[in-house]
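A single chain, nothing else alongside it, follows as structure tokens in the form predicted alone.
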């Protein structure tokens, strides 16, 4: 139980002593700090329950509050709003508890297993800027969920089973028709066959094949046939398909590693297909499959729908499988092998219809337990200065690697600390660049489209990742210079210290809001608020040279607590703090 929860419980008991029972305390931060730091709004509701004057109820509660040394400045405003502040002595006690254990002010959730699907990278295609948000939001949600007591598992869920792979293999076949993979008479081991293709080749091949398919129906039809061949594990085609997947996966991992994004599960759609026959059998037994012009569909519309709801495509007319069905198969596999309590899909909000169809079909086919929660965690787009999705200068879709390099070039110019060697500079500049990207991406509410400006979000001032890094590194440097091995708060001097303490006390509210809304903007804003308050305190006080040793130690301890919270939350956002900057 967090310190804040304990405080609320303490006030509930005080209300009880005054003669009243409240289930949920109506306590909130006050907008009028001159009247009190917190406001209790229970008297009005209690007046309805107990049929008493709310002002009279507030007076009785005030009398009991005044007996408790934890509270001061207790007053009543209006018809019965009770304003209270925390005493300096109690603030000191709270800070020392946080100093002993920073996790003492975090509310743990009921344990549950959550699979978070936040990859979705397509094999043989370059990761582009559209993959940034799913990676950042998903990774941060996973870290936050684990911090709060869940067992959260990240799943890359690679797209490796659709027509794009058929197009790539078709183009490779045209380029290298003599490869043994395309020879029906080849009897050797395909693992020993050299494939003259790199990931850079794959990134070039897919756009080329895609253009050809649009212009040539014969080319497209052969790509469709190849897609069906590797889906049915036909010798040669399935083997080259697996090689392509491995080449692409290695490069995808490198990019995700740069973003501090890590998955516990690296399965692709193809890895789940061993469960397809079981899925089809379940659907047939329940009579949910409907023949439609040679294809098989699942009707998912209901009478309650206010807009048309198209059916889910289960099998295409040529027998190939759509990504609707691979998502269904994956749900079945997850239920059978991991039995999650919840599955969260961190995917662009424009895919909401798809997930509505998949979730309905999974319930209709009974492949998921009634208790399993399926949730689409959608998000908006990252846009350029023109307000449109981020593009290259020539108007093409920007690769994610190119965006990272663009920000890196900007942060590299701003690393001017003389203590940083030329050998150290690239690594630090890359860490700062990733922090700039991730913080800017997590700062807006997830469903909000936002504009990313490289210069703005790479700046050391303002609401940016580099600002948070620089400030946190300075805290760490101060703590190192202090040479204090023991930490203790024994006194406070000014109002800014108390404001920092109250902000620290509010941490569980922020964490709970973030996990409830599945958005990281609350944490991002909180980090900026806490850091800015501390920087104001730092500017106003000479901490290391303070002559009052008791006050000096209190200030160093306060610095340590803020630093620990910053490091904890930056790690939750997937942001690494360099040793220097």
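Residue numbers count along the first chain shown, from 1. This one's a predicted model, so the numbers in the text were calculated from it and none came from an experiment.
One more form of this protein, predicted together with arginine, exists but is not displayed; see below.
Among 122, 464, 372, 482, the residue placing a heavy atom within 4.5 Å of arginine in the predicted bound form is 122.
Scanning 219, 355, 275, 181 against arginine in the predicted bound form with a 4.5 Å heavy atom cut-off leaves one residue, 355. Residue contact with arginine in the predicted bound form: residue 347 places a heavy atom within 4.5 Å of it. Looking at residue 139, you'd find every heavy atom of it more than 4.5 angstroms from arginine in the predicted bound form. In the predicted bound form, none of the heavy atoms of residue 452 sits within 4.5 Å of a heavy atom of arginine. Though the partner is left out of this view, residue 441 does not reach within 4.5 Å of arginine in the predicted bound form, counting heavy atoms only. Proximity to arginine in the predicted bound form, taken as heavy atoms within 4.5 Å, picks out 114-122 from the listed stretches 92-100, 141-149, 114-122, 68-76.
Interface residues of 304-338, taken as those with a heavy atom within 4.5 Å of arginine in the predicted bound form (partner not displayed): 323, 327, in sequence order.
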